[in-house]
Each structure stands twice: as structure tokens, then as C-alpha cells.
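What follows is one chain in C-alpha cells, specifically the form predicted on its own.
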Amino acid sequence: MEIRSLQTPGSLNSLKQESVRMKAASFQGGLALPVPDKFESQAITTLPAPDRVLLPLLHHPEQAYELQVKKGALIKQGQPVGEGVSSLVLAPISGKVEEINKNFKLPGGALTTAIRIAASDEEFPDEAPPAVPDSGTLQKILGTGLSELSESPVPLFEKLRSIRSKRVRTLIINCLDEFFIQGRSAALASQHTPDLLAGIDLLVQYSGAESAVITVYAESAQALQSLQESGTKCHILPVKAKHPQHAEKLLVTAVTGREYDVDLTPEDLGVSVISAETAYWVSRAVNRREAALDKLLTVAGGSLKEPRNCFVRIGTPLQEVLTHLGQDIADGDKVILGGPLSGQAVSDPDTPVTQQTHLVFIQKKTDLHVFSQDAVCFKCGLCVQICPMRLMPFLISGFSEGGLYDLAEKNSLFTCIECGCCAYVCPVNIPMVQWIQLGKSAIRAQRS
């Protein structure tokens, strides 16, 4: 497999010229959104731990977690409160279990058990385990409760086992975000370069892979410069700032130049995608015995002039994050998890930060886009032309709107990655993503 890479050391200007000369890797379709002429990733800050956290146990859809604590129990930060076959859920703060809600609804509608922990001044039991056990490397990774921190997370322990069993040769380290302007992953690459590269080396070692490719937006000059100056032996691949370039299947196509059947996984092609944030936390877990109790996320929109990148304690209510950053949510404003194109608005301001929280976008009431209630598709084909997954969005959403879910599924409903490109270009403002989401939810409900 031939992979282009940017390996020539030099000044920042020479890196820009080289990345432009190479023509940044990409895929067919998608949205080439505007990119600022002068873009610099904002510094990553760390928000203080809250007095209370709400911790859902459903971190992975296919893995059940057994509750490990009772109401009223005193627990230490880093102590397991939920245990699965290959992953743990750790207490983000020390305190008392204030409430156990066995019917907590996640933003996507799934029900799970959630634990509310309140900070306490009471004396904690000495037998509580440390955050990360001082044992073998894989056991350290298991002890962190660490997931592969992508949009479809799996326990990292399982991910590494799959990589080894399929004899993956190349790891793709994803330093891309859903929207280029976030700069979350680029900031991690430029401001925490040693930890990132140390984590990549560990992942290569424990996965049995032969090499790693670090994908960075070609316009992220600071990240490219930091990686180049580090002297890393990893391939550095500039990719085009296009939505949804960050998506796993499309990123693999950009890196390898190969399109592949939707029934296959990247591992079937001999590659595996791991997020930059995952690599960072692997380094912290193995080298510093730190558990992954914080989540790196971006807060954008609203009254913020620039996006803010910050480490936030898992379980922190979104309202507390926004208040700390000086964001007031007025009546009619939307708080969106995942961005305006494909994100999901939340109705409860106390929705907690989880391992799946990457972007919190505030959309002011005056900026809300109103879809037409009576829009009729006239088959212009723009959504087909722009769809990065080679689907017919107008057909799938139309079947879903009409309740013909079996026909929607036969036309690759579940292949859709809900990137939002189709709705963005629709000239009659049909909410295609919402209809597709409805179709998926209806089918899942029928099957359950």
C-alpha cells in the first residue's frame, strides 16, 4: 500500500508550499467549507472539576456494564463504578454516590443507568484502588477505562485485539475534526506533541503494526510544523479541509486511495484508524499512570469569537461548561452536540459530557435554519452528487418520511453516516438527515 507523506523538514513556509504542491489527499464528494486565511488553533485549557458529575454507564452500544457501587457509597476518583468485559467506567471525582438512575435517557434516546456523584468532605476508605494499576501495559490500558475516542467508540482493549488478530500493518492516527475550524486535534498535535508521539509509538508496539500515518489538515500549519520538528519517523499526510474528511471510511479512502465495500472494515484492508486523543491518553496511562478522566472538546458558536478547546472532566453538565466559558443560552438558542450539519440538539442543559462529546455548538435563535414543512423533492440530484458515501439521500429520506422503512433499509439507509451534506445543498430545504435518523430509530425500535 503506497501512502504519500510529507517528510521534508524545513521552515513553516516550506511546509505550506510542500503540502500545497502535493495536493492534499481527499475523497469524492463532500463539502469544501470556507477556511480562514490565517488559522491558528486556540490553546487548550483545562476546566476545573465540578462539584457534581452525572456518569452514564452506556459507553459502548454493544457492551453491557455491571454496576459496581451503591447509593450512598463513598468512592475515590478513578475507582471503577461500572465494569464491562473489556472496559471500565471510572469515577471522575471523589465523593458520595448521590443517586442511581436506572432509566437515564441519553441524547440519542437510548436508556442506561447513570450515577450522580457529589463531591464530599467525608473520609474515604483506604482500600479504594488507584486510578491505573501498576501492572502490564495492556492491563494499564484496560484499567484506564479508555475507549478509542472516535464518533463510534469501542473499548481500546478490544480495538487492539482486533488489530492484532487481523494483522494490521498500518495505523492511521486521525488528527482531524468534524469541522476544520475546531482545531481540537490540531491543537493537541501542536501543543502536546511529545505525549501524542509517545502514545503512537506505544500503539504501534502493542498492536503489532509496522508503521503509523498521522493525518493532519493541510491548512494546520502549526501542527505540521510541530510534528516535523519532532523528528518523528511516522508518515505525515496532509489532507484537504473538507467535510466529512474526518469520518473513518472516507479517511481510509483518502490515505490509501482505495474505496471499499461497506461490509468491510479498515482492518480488512490492513489499516486501522485511531484518534489522536486516544494516542495522547495511552501515553498518559502507560507513562504517567493517569486515567482518562477528562475529555478534550471544542465549544464554538454563540457569542464566542473563536472556538475554545478545553479538557473537561467527564460527567460535567454542559451548562456548567458553558457558564465557565461565559456563554448564556437564551430562549430559542440551541445547544448542539456535534455541530450544525450533523449534530443533535439537546433539550436538557444538564446533559453530561461523555467520552463521545467532541464538539458543543451554540446556535443562536437568529441563526437557526428553518426547514420547509411542505417541501417537495423535484429530483435535482444535488444531494446524490455531493454524497460522499455514493448514496441517493433523496430516496432514502423520502422512504423514511413515508414510513417505508424496509425500502429505506434496502436502499442503504444504514450506510449513511449522517454527515449533513445533502441537507446543506438541498434547494427546497428538505430535512433529509432528520428523516434518515428517524428511519434508523424506527428500525432499531422494531428490532428491540
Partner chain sequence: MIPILTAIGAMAFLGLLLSIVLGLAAKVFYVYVDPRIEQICDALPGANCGGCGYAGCSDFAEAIVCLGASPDGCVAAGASTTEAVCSIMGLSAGLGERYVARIFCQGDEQKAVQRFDYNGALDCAAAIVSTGGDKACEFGCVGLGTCVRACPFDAMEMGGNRLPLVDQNLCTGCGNCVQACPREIPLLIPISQKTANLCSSHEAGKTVKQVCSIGCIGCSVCKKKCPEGAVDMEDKLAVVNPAHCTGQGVCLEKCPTGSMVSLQSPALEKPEASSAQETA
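Numbering follows the first chain given and starts at 1. Since this is a predicted model, take the numbers as computed values, not measurements. Take the two forms, superpose them, and find the largest set of C-alpha atoms that agree within 1.5 Å; that set is the rigid core.
Just so it is clear, the following notes concern the form predicted together with its partner chain, a form of the same protein that is not shown.
Against its partner chain in the predicted complex, would Ala25 count as a contact residue? Criterion: heavy atoms within 4.5 Å.
Result no; Ala25 lies far from its partner chain in the predicted complex.
Given that its partner chain is not shown alongside this chain, does Gln446 nevertheless sit within 4.5 Å of it in the predicted complex, heavy atom to heavy atom?
Contact check for Gln446: no, nothing within 4.5 Å of its partner chain in the predicted complex.
In the predicted complex, does Gln228 come within 4.5 Å of its partner chain, counting heavy atoms only?
Answer no; every heavy atom of Gln228 is more than 4.5 Å from its partner chain in the predicted complex.
In the predicted complex, is there a heavy atom of its partner chain that lies within 4.5 Å of any heavy atom of Phe371, even though the partner is absent here?
Contact with its partner chain, yes.
Counting non-hydrogen atoms within 4.5 angstroms of its partner chain in the predicted complex, say which of Gln319, Ser94, Gln355, Gln344 makes the cut.
For this set of options, the contacting one is Gln344.
Hey, which residues along 422 to 446 are within 4.5 angstroms of its partner chain in the predicted complex, non-hydrogen atoms only?
Those in contact are Pro431, Gln434, Trp435, Gln437, Leu438, Ser441.
Determine, after fitting the two forms on their core, whether Leu438 shows a C-alpha shift of 2 Å or more between the shown form and the other one.
Superposed on the core, Leu438 moves its C-alpha 2 Å or more between the shown form and the other one.
Is Pro48 among the residues whose Cα moves by 2 Å or more between the shown form and the other one after superposition of the rigid core?
It does not, since the Pro48 C-alpha is displaced less than 2 Å between the shown form and the other one after the core fit.
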